[in-house]
Every structure is written in C-alpha cells, then in structure tokens.
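Just the one chain here, laid out as structure tokens, in the form predicted on its own.
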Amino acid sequence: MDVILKADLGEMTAAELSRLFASGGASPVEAAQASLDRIERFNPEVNAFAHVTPEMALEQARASEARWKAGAPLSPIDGAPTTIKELTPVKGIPHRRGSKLGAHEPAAQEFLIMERLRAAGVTVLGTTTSPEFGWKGVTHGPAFGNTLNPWRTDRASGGSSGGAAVAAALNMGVLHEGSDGAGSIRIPASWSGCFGIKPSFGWIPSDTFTPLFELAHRGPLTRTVEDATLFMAATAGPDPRQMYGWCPSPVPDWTAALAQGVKGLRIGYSRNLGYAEVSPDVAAVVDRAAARVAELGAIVEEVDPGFANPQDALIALWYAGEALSVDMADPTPERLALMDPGLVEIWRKGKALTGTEVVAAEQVRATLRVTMAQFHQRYDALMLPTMPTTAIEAGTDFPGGVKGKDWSDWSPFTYPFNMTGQPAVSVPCGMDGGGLPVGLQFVGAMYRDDIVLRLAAAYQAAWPEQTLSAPRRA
C-alpha cells in the first residue's frame, strides 16, 4: 500500500514501478515522463547525461504500456526508465565514448548487453557521461565537460561511470548501466552515494573486443540492491558470442537470495589491505559499519588478505590497453590535441611497455587470484572501505592538484578485484563530517555474487542511508 500512496513516480525504484505497472496503478509512460522531468530539473546542475532522448524513450514506454495492459510484459523491468553509459553504443544515439573523436552520427549497432536490455523491455532515457575512453576514476573530459557530485557540486562524482552514479543518486531513471575496469562502478557509487556492483567476470558476457580484456566488467548502479539484481537477471547468462571469461549455467536467482540474510557468514574485515592510508572520517564510518554487520549475525574477524599492493601490475595492464585504444583512434598530432592530456600521457607510457613487462603483470594477476581464492576457503566475503577518502575536488585527476604516480593512487581498494574478476559491491554506509557519502565494499569468491548481494541488502535494509531530493550546491 505504501507504494501506491507514494506521490512521486520519479522517487520510486524499479521494483516498486514493476508492481505498480502490474496492478495498473501507474503506466510506463508516466514513469518515463517522471524520469525525464527529473533529468530536466536536475541535470543542468550536475551534467550527468551525454545525450537525452525523450521521444525515443516515450515511444518505448508506450510499447511497454501496451504489453503490461495485455498482461504480457517481457520481464519484471519492462518499462523501467534506464540509462546507458556512453561507452556502450545505443542505436539512434551518437557513440562518442567520451571523446571529441567519437562518432557524431547515430549508432547502428549495439552490444549484447543492450540486446538483452531491449529484450527485457526497458525504456532507454539516454546515455550518461564518461571520461574519454573511460580511462580514469573521475568523470570530466574534453567531450562533455565535468560531471559533478550531487551531494556537493564542487566535488567529483567519481568515474568512469560518473554520469550513471549521479543519475542513480538523483533517481534520473531507476536502472543505470555502468562499466568497471579498475573501480569505475564502485568509485562513483561510493562518492555519489548509491549502490553499485561489479559482478563476477563472465556473468554479463562481453561480445565485443576490449583492450582491457578481463579487467573490464559491466554492471548496474541503482539506489537499491534489489533493483541491481533485477538488472543482472535481465543481462546475465551464457552466450556463444562471449569473447572473454566464462559464464556458468544456470544463472542464480539473485533476487530470491536477498531474503536469506547474513547470519553465520564469515566475514574478513580489512581496514586498509595492509598498504593504504584511510582518512579518519572514512575509517570511523566503516568501523561502525563493520560492527553493524556483526550485529546482523555475521561472524566478523579482522584480517589481512595477504597480498602486496598490485598497483604497478595494474598500471602495466591498464596503460597497455589504453595505448591500443588510442592507437585505434588514429592519433595524428591534430587528433591528439583534441584529447584529454592525461590519456595522451598514458598512451605514450603504454606504448613504451615491453611484452615482458605485460607478461610479468599478468603473473601478478594470476598470483593475486590464487591468494584470494585461498582467502575464500576461510571467509565468505572480504569487507573493507570502497574508497579511502570521500569525493575529491571536481575537475582534477588528483586530490589537491598534486600529481602522483597515477590516478589509481587514490583508489587502492577497487582495482585488485578487477584483476581477480571477483564480485565486488559498494553500498552507502554513512557520511563524513562534511556530509559526503562513504561506501562499504564487500568482495566475494568468484561467482558468489549472491553472498555480496545478501550482505549489501541486509545492511541497506537495517541502516538505509538518506537519498537526495535535489542536487546540493557547494
């Protein structure tokens, strides 16, 4: 009854909308219009969208409305207002990839993930912003400018799925596709105050070439864990076109798993992985969250997972991949001048890497996978901060503008689990002293996404964080 009495369709979740569509209490057209209205009101302040497509969205919503009226929806998320990260092509929308060098004509081809979302009947509102080629953990660049944090607009949203996270935080749509090669779902989820999951590599198959290979996961950003499971159910499953990794069959019912609770789960809690510095505000909030997880009945033990910082190996793999991405964009001097200078710099560094260095990095990755597989012989999940700090200043690649080794300096807790391929989530767990969100990260064994989803859902149900009704200016 609470759902039906809720006045603003734009504040609802995908699960709530699905129940309303089924009962006839609201229509996909009304839901799409509510999301488009929120985009019109909020996006000028945060710049989360690369392209908004109202006419296309309403056409899809009308088709969904007819299916619900006929009692034949394509899925529980038929008609759910959805956004797609700008790195993923969408038919009818230019595929810019966050770059001035990207295509200006509407895309004619789509990836498998879009094929599956179409088959589920979602309403696509438009595409969300990314840095150029998704190369860094903040979202600003030459093509679409700066995507701002909705909790304080002088701060960064995180990236590279920054537009998706901001859209999720402000409910400009209910399902938001993102991608994560070194933290690009979890960084903005933590800083922008929403839920994000990097699923086990393989659940959502990749049917297209990526120079990052098995670093590059796709997954959802949403306000609720339940909505993320609906997205995953629609997009996961084996396909003969899958280029990398492996997808088990059958796909689990992750939504049903959410009700199992967490009592008796063994959780290893690491404050800093043994090598990173964490701000006092974040440390205090995450310590409190760890105690809360224990209150829910999980067995929480402080632990060091037992690996050294794999950043140098990550950088070798990342730079080599991004070097190929830039090479594929025909990097003449004139075209390089149009690109993000930071990306051009790592292109040059990536081209200087030797094959031996890349192979050595792959061996670090292999050893890390074994270390974490052994860790999960003892623990169901690893719990740790998502980020060591809250959001940095908007428009910079480094806090305080002081350049370090690489942008990944300030995201030490995300990239190790891209290297292993494990499922990892970020769920909001509190605020720092300045009112900026803090994320709690759970990491599970390969293909045990159910464990991290259960933990996040139980935490979110017991200690829900506040949501935004509008962006907050600095």
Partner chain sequence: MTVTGIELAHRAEIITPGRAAAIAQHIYGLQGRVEWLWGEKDSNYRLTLEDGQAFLLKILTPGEDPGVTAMHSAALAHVELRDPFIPVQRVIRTRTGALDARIEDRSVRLVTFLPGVTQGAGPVDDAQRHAVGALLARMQAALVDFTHPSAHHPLTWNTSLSPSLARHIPLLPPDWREEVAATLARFRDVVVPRLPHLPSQVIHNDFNRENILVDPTERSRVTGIIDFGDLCHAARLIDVGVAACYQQDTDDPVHSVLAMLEGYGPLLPEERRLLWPTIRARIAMRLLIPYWRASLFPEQADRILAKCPAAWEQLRASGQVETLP
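Numbering follows the first chain given and starts at 1. All of these numbers come straight from a predicted model, not from anything done at the bench.
This protein has a second form, the form predicted in complex with the partner chain, left out of what is shown; the following refers to that one.
Name the residue from 274, 280, 145, 404 that puts a heavy atom within 4.5 Å of the partner chain in the predicted bound form. Contact check passes for 280.
Looking at 242, 389, 367, 75, which is the one with a non-hydrogen atom within 4.5 Å of the partner chain in the predicted bound form? If I apply the 4.5 Å criterion carefully, the residue I get is 389.
So, in the predicted bound form, is residue 97 in contact with the partner chain at a 4.5 angstroms heavy atom limit? Output for residue 97 is no: heavy atoms all beyond 4.5 Å of the partner chain.
Verify the contact flag for residue 45: yes if a non-hydrogen atom of it lies within 4.5 Å of a non-hydrogen atom of the partner chain in the predicted bound form, no if not. No.
With a 4.5 Å heavy atom cut-off, would you call residue 207 a contact of the partner chain in the predicted bound form? Close contact is absent here: in the predicted bound form, residue 207 is far from the partner chain, nothing within 4.5 Å, heavy atoms only.
Residue 312 within 4.5 Å of the partner chain in the predicted bound form, heavy atoms: Residue 312 lies outside the contact set for the partner chain.
Considering the partner chain in the predicted bound form, find the one stretch among 381 to 389, 227 to 235, 195 to 203, 214 to 222 with heavy atoms no farther than 4.5 Å from it. Single hit among the candidates: 381 to 389.
Hey, with the partner chain in the predicted bound form, do 261, 304 and 376 all fall inside the 4.5 Å heavy atom range? No, the whole trio is out of contact, none within 4.5 Å by any heavy atom.
Would you give me the residues of 395 to 417 that have any heavy atom within 4.5 Å of the partner chain in the predicted bound form, in order from first to last? The stretch touches the partner through 399, 400.
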